[in-house]
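Starting off, we have a lone chain in the form predicted on its own, written out as structure tokens.
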Amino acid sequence: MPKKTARAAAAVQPLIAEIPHHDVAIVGSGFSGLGMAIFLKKAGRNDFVILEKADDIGGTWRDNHYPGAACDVPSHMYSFSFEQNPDWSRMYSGQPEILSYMQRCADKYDLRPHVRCGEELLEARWEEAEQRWHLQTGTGARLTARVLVSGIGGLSRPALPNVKGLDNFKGTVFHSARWNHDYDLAGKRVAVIGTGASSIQFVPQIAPKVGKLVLFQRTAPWLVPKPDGQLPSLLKTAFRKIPGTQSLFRNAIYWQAEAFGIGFINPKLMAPIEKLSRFHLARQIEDPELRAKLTPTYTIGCKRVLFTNNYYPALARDNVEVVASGVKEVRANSVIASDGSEHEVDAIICGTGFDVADPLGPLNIIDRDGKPVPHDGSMNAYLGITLKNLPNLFMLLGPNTALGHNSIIFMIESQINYVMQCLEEMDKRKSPSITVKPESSDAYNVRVQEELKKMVWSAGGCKSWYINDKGENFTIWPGLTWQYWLKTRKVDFKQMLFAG
């Protein structure tokens, strides 16, 4: 080596040595990231870091603080199985209580020293020669990790509607996931775009306050009554004092949800739920014209079935108008509906959901061949966890692992258990890396897509965020959660490649 080159290489060595290295880097501090960190702690694996782009932990439940924000999965199921909470106040908890639960979990397991807030991961590059990930954050910080775990989640990137003129609106515009609490809605003329899970929660909260509310509905959702309410103190005492009581309660909720999920596989079994939904609508909406607007025209289950007791009464108020033709254009002071009607408003609230097409979001991932992972909405993964040509990368809530009927935390725990087995096997084999065989991943995803073609999300006659522009469903798990648990409870290492 020439002296000049040798001196340059020697000068670089201290810089390389200064780059922090961790055994595991976790992206995100929602339920996925916190759960992964807790499992690592329990296994005595303390060399990990959590990269969080925000200024605190919490993920979805930190960001979604709109009026009425709550979970549509019962509280005792929407929590970690190993950290059950006997003191949930309601059957369906609100955002502050869920966030408080997550913060208590983080404190109990001493996770905060591992969290680096304000560090959004922008690029992850696998270096084959070093058998490790090189990471760079938005602050310019660099670090390396043997293993990278994505806990980004699907509900972290708000999707604004693609509507002409929205940027030119002179009033106030915000998304439900970025709620502007400083803007006083009292007496204002407010347009709400979207009728999904968020809108059905915040519309009833703001309707009595605003002067006029215009709801722009593209597709009417199927709604059923929400069996919510305060949990009796006697029941909470039983959960605390009698061992196994809460687990039995949780199991009952789980199997009831699984029974509901059978209807997605065989839509004919959803007939009783459809009857309940139609009865719910007829009982709460007397006006036949409004009722017609709010009656879905697609198979129930094709879009997420929503639970609410107060949405329909809010739409029946005198100061609320439902425009069932969607939005064509936004002007300086008004919204133009697709039917040509113009509605002058002071503010626009977008309840238009999230960008879920890419499970890794805007993250730039470079594979072992130096090629970036495409962001085209068609990413697939083996069991939704591992991707071919990307060693030591694990996704939590990756492609085809979302649900329409049960608790996503059950799926997260199944995936974390899978990741932990992979880490243990790498240690056992003294292998620096693990990746799924390309042929195994391809065969698995062909089977998944074939199954999904038969199910309600593809055959139900609706357009939903589950389906990409090519008509493919890379979002939903095509079955029941116990089936996913069976597939992930023991890793089939014959489908994997190990280095070394």
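Numbering starts at 1 and follows the sequence shown. Computed from a predicted structure; not experimentally measured.
Below, we refer to the form predicted together with a small molecule, which is not included among the displayed structures.
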May I ask you to check whether F354 falls inside a 4.5 Å heavy atom distance of the small molecule in the predicted bound form? yes
So in the predicted bound form, does any heavy atom of R291 sit within 4.5 Å of the small molecule? no
is_contact(W465, the small molecule) in the predicted bound form, heavy atom dist at most 4.5 Å: yes
Does G153 reach the small molecule in the predicted bound form if we count a contact as any heavy atom within 4.5 Å? no
Heavy atom within 4.5 Å of the small molecule in the predicted bound form: which of I38, A54, V448, A70 fits that? Just give me the one. A70
Taking 4.5 Å between heavy atoms as the contact cutoff, choose which of C105, M426, V323, A197 touches the small molecule in the predicted bound form. A197
Partner contact check in the predicted bound form: of 361-369, 186-194, 282-290, 389-397, the stretch with a heavy atom within 4.5 Å of the small molecule is 186-194
